[in-house]
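Here you get one chain, nothing else, as structure tokens; it is the form predicted on its own.
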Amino acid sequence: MNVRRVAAVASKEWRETVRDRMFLSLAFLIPILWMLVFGYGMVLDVENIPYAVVDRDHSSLSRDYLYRFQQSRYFDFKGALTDEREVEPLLASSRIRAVIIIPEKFQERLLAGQAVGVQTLVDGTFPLRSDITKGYVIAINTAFSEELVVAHVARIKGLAPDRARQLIQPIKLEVRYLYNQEVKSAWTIAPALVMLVLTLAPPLLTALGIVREKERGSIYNIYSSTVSRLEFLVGKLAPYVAISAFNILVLWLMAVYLFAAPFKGNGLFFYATALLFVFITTGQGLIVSLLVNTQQAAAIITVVLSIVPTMLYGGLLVPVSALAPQTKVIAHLFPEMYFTNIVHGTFLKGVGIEVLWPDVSVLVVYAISLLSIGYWLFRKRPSV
């Protein structure tokens, strides 16, 4: 392989990229825009749930019960309703997502030691959000019920509240969240978006760059030149790999400083594995570019082949461990899952090659395989 010929092909490709403003913006601006759009759009935290109440009792206990919801950061109080007939229009129009209905004689029955049913209506349009809302309601209701029982036992037996609570709850559950102590979705989503952008941008640049040669007819200059297949491919792909190498740094800075995701791992290890993943996605773009003849077809096929495995099987929104057994098998066929493990491991858990070597090994195999297939498909003779 002649280094001078490789440098000449790479230099030519870089000049064409710089001259084309649209292609230049695609190379440097689009990854940033994708990071911003997906980063602020994929918010999975369920907070400020709009809700209303129907209080038929209007007692001190009912007001105390409802106040627990008002002081919670997970709920956003939208007002009190006087009639249950007002509930349906508000829920149907999505002005509220939940309604809490306090029955009559709420305080009287509680003080008499009787159980009381509090009806809660939750908008079930979005199942995940609905289940989380239900969990918040159950937690607040359980805490209120426990305080009533503690107060009753303390009063009957003449005990201190702390001692009464120990009798009622002999096993005290203490939960600690590791790696994401504040349970923020941004801490998980932002690092995974680095994977998403690197899945989309490098193959798109590569596919469009090579197909552009076909559309212009300049690919015939390569066919008739002394440049070998390897020299052409290395020189052609080098600028796109260099652009992606720069974008890795930009995406990392955005994830850490813009979305405040903690980075606990080794920076060099993360950068090296991200660059390895770029070789994989660049290889995908190379294969697509060799199979189609127009930039429109290359763009459509590349985006589809990149988005589908990333969204469904890459662990971006749903962890692979939560998928069905058959779906897990499919997920293990795509490199996105392995790089997601590396991203989450380096960002949140601070682990390195000693833990993530199986994922890195799979990515090495993918990179070698895809680039080898691209090299095998490329011919210095036009197909007839």
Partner chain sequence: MMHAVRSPMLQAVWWRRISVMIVKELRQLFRDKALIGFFFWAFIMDVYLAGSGTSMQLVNAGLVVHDADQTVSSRELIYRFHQPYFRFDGLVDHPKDGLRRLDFGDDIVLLDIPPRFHEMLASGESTSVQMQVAATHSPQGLSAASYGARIVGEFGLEASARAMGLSANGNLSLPVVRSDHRIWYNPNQDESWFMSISEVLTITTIFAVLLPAAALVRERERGTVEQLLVSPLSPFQIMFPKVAAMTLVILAGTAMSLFGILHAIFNVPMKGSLALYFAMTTLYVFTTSGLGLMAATIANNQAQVSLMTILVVAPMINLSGTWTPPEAMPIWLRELMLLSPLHHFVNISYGIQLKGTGLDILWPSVLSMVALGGALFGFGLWRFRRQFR
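Residue numbers count along the first chain shown, from 1. Rigid core here is just the name for the largest C-alpha set that superposes within 1.5 Å across the two forms. All of these numbers come straight from a predicted model, not from anything done at the bench.
Although not depicted, the form predicted together with its partner chain is the subject of the following passage.
- Comment: its partner chain is not present in this chain, but in the model of the complex one of L258, V250, V149, L276 has a heavy atom within 4.5 Å of it, namely V149.
- Listed residues L81, L91, A245, A238 were compared with its partner chain in the model of the complex; L91 is the one with a heavy atom within 4.5 Å.
- Remark: F75 does not count among the residues lining its partner chain in the model of the complex, judged by a heavy atom distance of 4.5 Å or less.
- When contacts are judged by a 4.5 Å heavy atom cut-off, M22 counts as touching its partner chain in the model of the complex.
- At a distance threshold of 4.5 angstroms between non-hydrogen atoms, L333 is out of contact with its partner chain in the model of the complex.
- Its partner chain in the model of the complex is not approached by R229, whose heavy atoms all lie more than 4.5 angstroms from it.
- The stretch among 305-313, 268-276, 229-237, 250-258 whose residues place heavy atoms within 4.5 Å of its partner chain in the model of the complex is 305-313.
- Annotated contacts: F38, N180 and L204 all touch its partner chain in the model of the complex [non-hydrogen atom within 4.5 angstroms].
- Contacts between 136-156 and its partner chain, taken as any heavy atom within 4.5 Å in the model of the complex, involve V137, I138, N141, F144, S145, L148, V149, H152, V153, I156.
- After superposition on the rigid core, displacement of the C-alpha of F246 between this form and the one not shown stays below 2 Å.
- Relative to the superposed core, G350 undergoes a C-alpha shift smaller than 2 Å between this form and the one not shown.
- Once the rigid core is used as the reference frame, the Cα position of P262 differs between this form and the one not shown by less than 2 Å.
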